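Here's a solo chain for you in structure tokens, the form predicted on its own.
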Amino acid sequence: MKPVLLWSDALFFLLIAVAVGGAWWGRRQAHLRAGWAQVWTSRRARISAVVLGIFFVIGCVDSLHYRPLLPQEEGKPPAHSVEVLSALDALLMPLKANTEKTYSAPLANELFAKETLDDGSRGFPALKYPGAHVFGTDKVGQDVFYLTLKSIRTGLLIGTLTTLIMLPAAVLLGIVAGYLGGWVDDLIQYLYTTLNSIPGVLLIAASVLMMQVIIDTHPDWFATAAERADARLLALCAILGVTSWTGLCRLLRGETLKLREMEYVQAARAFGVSRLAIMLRHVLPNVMHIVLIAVVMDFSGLVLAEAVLSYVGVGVDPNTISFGTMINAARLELAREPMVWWSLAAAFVFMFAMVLAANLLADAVRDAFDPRAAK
């Protein structure tokens, strides 16, 4: 096989490395160590962390991509397939390969719709793999459980990479606006007020469609369909990051306005400490609890945003498996008679578990790190 490193894979592993480095640094800080110790005293936080950890392990395994080796023909050099698979595909190859003709209910032994059998009568044909599909199959016979597990990576990328794009701008502009004030504050306020005045869905839709035009007019940029879908996924992350930093920036500006009047900041200024040093040494450490809480809480909102955008057709590439594309496909399935409900139910259950775990962990983090929270 030939290893393939997509841009989203590199950024995802970079973010994990930054998180591991931040955790190692945080263990050396007494106040952070005490805060996280309080987080882990909550049973809900521990369960939520385990659930999110399982999702992240699945996402990491699904981010190890490769191109399999094609069967070698005599007299010809070895060649690799243009299809890009992941380590998760290799682990779930029975689910991926065991396809049926069309819809089948969860754990069913026969197809969902009646067809004309070999003897000329109408009935339900037997499945090739009876009882093997836990969540049933979709219109083209793919296993819904396999599609749901593949959707986890997309949700994690939307939640984490968008945060990676949004966080530096929000922290930098929020602290600078609050501490420097004056025309700098006015300019930054004007910037995020203007962005907030534009309807978010319309701005995202216009940006995604423009990016899609660029991708369509330059097909030579992408060697495989996976690289093309990955480019649209990164574009969506960038667009969501550009439009989602304003809320955190406003929070940090207000907190910095309060911190710059504190006695230790006034003392540092009286001793001639530079503005940059004050912002790095005194302001930034004292707003990190807001940053941490906002990051964890925004993660769930971004996962839901991908589902909504894919539902209206301006989300990820149609070839990318995600919760949003599964829900969008289920829109027509619910109008069938009898109704096909299991694709929507599977996507909803897994997305609900991810979002609920992130929200519960965010509540525990807020209670531990927010000094204004009730103890």
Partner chain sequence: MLAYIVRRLLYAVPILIGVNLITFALFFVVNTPDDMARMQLGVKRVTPEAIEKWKVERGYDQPLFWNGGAAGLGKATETIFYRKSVRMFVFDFGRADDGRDIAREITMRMGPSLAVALPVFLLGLFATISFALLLVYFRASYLDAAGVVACVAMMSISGLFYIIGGQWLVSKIWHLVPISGYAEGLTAGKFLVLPVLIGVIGGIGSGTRWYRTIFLEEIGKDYVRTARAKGLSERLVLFRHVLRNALIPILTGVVVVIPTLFMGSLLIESFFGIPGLGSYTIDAINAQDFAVVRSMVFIGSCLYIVGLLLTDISYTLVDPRIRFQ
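A quick note: this is a predicted structure, and the numbers were derived from the prediction, not measured. Numbering follows the first chain given and starts at 1.
Not pictured, yet referred to below: the form predicted together with the partner chain.
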Worksheet item: Given that the partner chain is left out here, which of 57, 339, 50, 37 has a heavy atom within 4.5 Å of it in the model of the complex?
Response: 339
Discussion item. By the heavy atom within 4.5 Å rule, which residue out of 45, 321, 61, 344 makes contact with the partner chain in the model of the complex?
Written reply: 344
Discussion item. Residue 24 versus the partner chain, in the model of the complex: is there a non-hydrogen atom within 4.5 Å?
Written reply: no
Fill in: in the model of the complex, residue 107 touching the partner chain (heavy atom, 4.5 Å)
no
Worksheet entry | the partner chain contact at residue 69 in the model of the complex, heavy atom, 4.5 Å | no
Practice prompt. Answer with yes or no whether residue 216 is in contact with the partner chain in the model of the complex, where contact means some heavy atom within 4.5 Å.
Written response: yes
Item to complete: Select, from the options 201-209, 112-120, 154-162, 134-142, the stretch whose residues sit within 4.5 angstroms of the partner chain in the model of the complex by heavy atom distance.
Response: 201-209
Practice prompt. Go through 308-332 residue by residue and record those having a heavy atom within 4.5 Å of the partner chain in the model of the complex; state none if no residue qualifies.
Written response: 308, 311, 312, 313, 314, 327, 331
